[in-house]
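Shown below, as structure tokens, is a lone chain in the form predicted alone; questions about how it binds or moves come after it.
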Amino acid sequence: MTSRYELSEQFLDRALAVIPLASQTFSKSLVNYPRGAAPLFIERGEGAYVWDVDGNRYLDCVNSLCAVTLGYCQPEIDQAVATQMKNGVSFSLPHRLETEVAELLTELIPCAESVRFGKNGTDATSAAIRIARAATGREHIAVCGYHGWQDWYIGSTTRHLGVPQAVRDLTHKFDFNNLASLEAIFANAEQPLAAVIMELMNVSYPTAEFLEGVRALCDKHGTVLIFDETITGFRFDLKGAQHLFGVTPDLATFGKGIANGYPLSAVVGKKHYMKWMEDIFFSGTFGGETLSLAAAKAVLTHLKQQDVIGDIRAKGEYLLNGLNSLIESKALGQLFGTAGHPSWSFLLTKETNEQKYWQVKTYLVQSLAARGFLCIGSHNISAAMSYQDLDALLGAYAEILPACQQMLADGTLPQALQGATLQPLFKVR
């Protein structure tokens, strides 16, 4: 441990006494940040930066797991929330903001004719699955990507502890950009599928043939097609990745950047499917909580008026081009590569030995944090980031990546790790 993270260490022990894993979110915990070599608690954020409890400042490349798109404490958004706070937060009847934000979503998103709100991405994806099962009278589903913590999805992963086998048997995984893997599920399923739910993109771009083929298969079999746009929505395109890639689903789910960090998610879709919301039970006290809706209204209005998404994409392209040039010029291609959309890109580590892979991952997080960058392998660009910020990040990579490759080659990388080596959680994509 170094004194740089002394208060983080102290607070971790305090948190572990009352909170399992010391965090509400796996990806914000020790599974991604090595104890003794990275910050573990954030105190505040402003613009593109966050400060940990020890007072260290970081350019935030995580941005609350893609939830913060505009930047922290964006004045226009915070003012909208503060104004609404004076009038109340949750009420005994619906608030007009529910309708106003729903109208904005139906205006923007191709498949959105009707809207319901939740709080987390899991709320929205689980509601969409329940709609599909109710509408089709079927139970089996096919999944591709990450869709949250509920039994119907997480039972298909290695994190299935506590999920009944009967539930796990209803979910079938298919491979991204591999239409044949989905065709096989349709062909071999004990009964027709209620739904296909998928992320439109994560690490790799979808091929047109793949997305169009998925749409055609669902049409052929009477299966509901659900696009999980929890991350891609309002980050890849103002109208969603479904607009960017030109394929319209029956239902879609949104969250993360919809309210720039305020807790809100949405299920949207064709009216004849969304009508089932009146019969299934999807109901929560805080679905119409007004502070998050006020934030969402301000965010969506801002995105319509300013080309924020284009700005984010341009900055992401700048970072990717610089990183790719660095990898090429320093002959780092055997160990490192890049992937993803410019607004949500990845530094890939190609090491196949699992122990060495996690040593590399730990060293990268450790070394970036020491230089003032909060980064766990992805670059979730916010509008608050400047090109000077990105140049500084590229400068840090120019020091870290060659050193990492050299130490891996000569076997000295383990000695360079200052804290506990990260351990695998589970592969979700």
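It should be emphasised that the depicted structure is a prediction, and the values quoted were computed from it without experimental measurement. The first residue of the sequence shown is number 1, and the count goes up from there.
A second form of this protein, the form predicted in complex with a small molecule, is not displayed here; the remarks below concern that form.
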Inset, instruction - With the small molecule left out here, work out from 225-233, 69-77, 167-175, 296-304 which stretch has heavy atoms within 4.5 Å of it in the predicted complex. - result: 225-233
Legend entry - Contact residue in the predicted complex, from Gly118, Pro206, Gly148, Gly155 (heavy atom within 4.5 Å of the small molecule): Gly148
Legend entry - Among the candidates Thr338, Ser181, Thr248, Thr122, the residue which, in the predicted complex, approaches the small molecule to within 4.5 Å (heavy atoms): Thr122
Inset, instruction - Please check if Glu199 has a heavy atom lying within 4.5 Å of any heavy atom of the small molecule in the predicted complex. - result: yes
